[in-house]
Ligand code: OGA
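The chain that follows stands alone, in the form predicted on its own, written as structure tokens.
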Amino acid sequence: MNTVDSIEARPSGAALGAEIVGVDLAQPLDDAAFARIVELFHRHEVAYFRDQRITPEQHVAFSRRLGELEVHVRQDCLRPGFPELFVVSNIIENGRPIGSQDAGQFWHSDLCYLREPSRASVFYALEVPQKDGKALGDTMFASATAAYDALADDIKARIENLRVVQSYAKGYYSVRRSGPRKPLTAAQQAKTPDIEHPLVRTHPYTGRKCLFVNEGYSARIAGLPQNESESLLAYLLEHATRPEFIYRHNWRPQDLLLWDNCSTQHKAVADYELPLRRHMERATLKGGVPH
């Protein structure tokens, strides 16, 4: 059994991110060990475990212990038998993709377009593309807390009470390597209307302030003239993903990685294509109404 005394974090050296060692997630976790993992996750915003040989049942069980799980609106990308697991993969079987082929190739925060955006995501690497001995398909993570903290005081005062419109349709219809997507169904549109959230969020567990804007889904700043909205949003988007706020994760097969969808945003690096195969599965934790 895993015990709290065996668990420690190895910080990445970036503004966020740490490897958690001394854990085998295929084995039972007592309450103290689990609480230690959650504490380290909140502290580092991105936490990952190497060499975790877990089943889909174990992936779901560990994720559910963190909180209630979402079922993604894209039913065609869910793992058969495990609707809690959203498949991200470029693999084609029987003439059809087994998951989302080009998910996340822009900066975004998962499910930020819902009334209650996701708390966190739990991503498991099954297949990682390799070329000339190098793993491809990295994921970049940017700290929304570090980005907020680095803003000038006058900018903080200007944005403190503003709200941003998050739009699933904006991200869904963006230009993608695999070409245009088929239109959203009426049912999908009904589940994902545009919604306003605070531009500056307070993290529900740490109390830290987070800059809650992203390239993929942030459509405009509510209540501002179009030109002013576009100018301010462009500035904040560029600021939020400056190099000093970023951790870049180089995947290995059997990595399990948690990221916080309030205090971070992320982007997939699309530097591979078939026949190089990538296969990941994501469980997504429900969150609360931003404030």
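Keep in mind it's a predicted model, so treat the numbers as computed, not measured. Quick note: we count residues from 1 along the sequence shown, nothing fancier.
This next part talks about the form predicted in complex with N-oxalylglycine (OGA), which is not shown.
Even though N-oxalylglycine (OGA) is not shown here, does S118 get within 4.5 Å of it in the predicted bound form, heavy atoms only? S118: no contact with N-oxalylglycine (OGA) in the predicted bound form.
Taking any heavy atom pair closer than or equal to 4.5 Å as contact, tell me whether A9 reaches N-oxalylglycine (OGA) in the predicted bound form. Close contact is absent here: in the predicted bound form, A9 is far from N-oxalylglycine (OGA), nothing within 4.5 Å, heavy atoms only.
Residue-level question: is G171 within 4.5 Å of N-oxalylglycine (OGA) in the predicted bound form, judged on heavy atoms? G171 lies outside the contact set for N-oxalylglycine (OGA).
Proximity of H108 to N-oxalylglycine (OGA) in the predicted bound form, heavy atoms at 4.5 Å: Output for H108 is yes: heavy atoms within 4.5 Å of N-oxalylglycine (OGA).
Exactly one of L25, A268, I20, A15 has a non-hydrogen atom within 4.5 Å of N-oxalylglycine (OGA) in the predicted bound form; which residue is it? Result of the distance check: A268.
Pick from S167, N90, T139, T145: which residue has any heavy atom within 4.5 angstroms of N-oxalylglycine (OGA) in the predicted bound form? Flagged contact: T139.
Counting any heavy atom within 4.5 Å as contact, can you tell me which stretch out of 25-33, 240-248, 260-268, 52-60 lines N-oxalylglycine (OGA) in the predicted bound form? In the other structure, the partner sits against 260-268.
Hey, which residues along 103-127 are within 4.5 angstroms of N-oxalylglycine (OGA) in the predicted bound form, non-hydrogen atoms only? Those in contact are A103, G104, H108, D110, F123.
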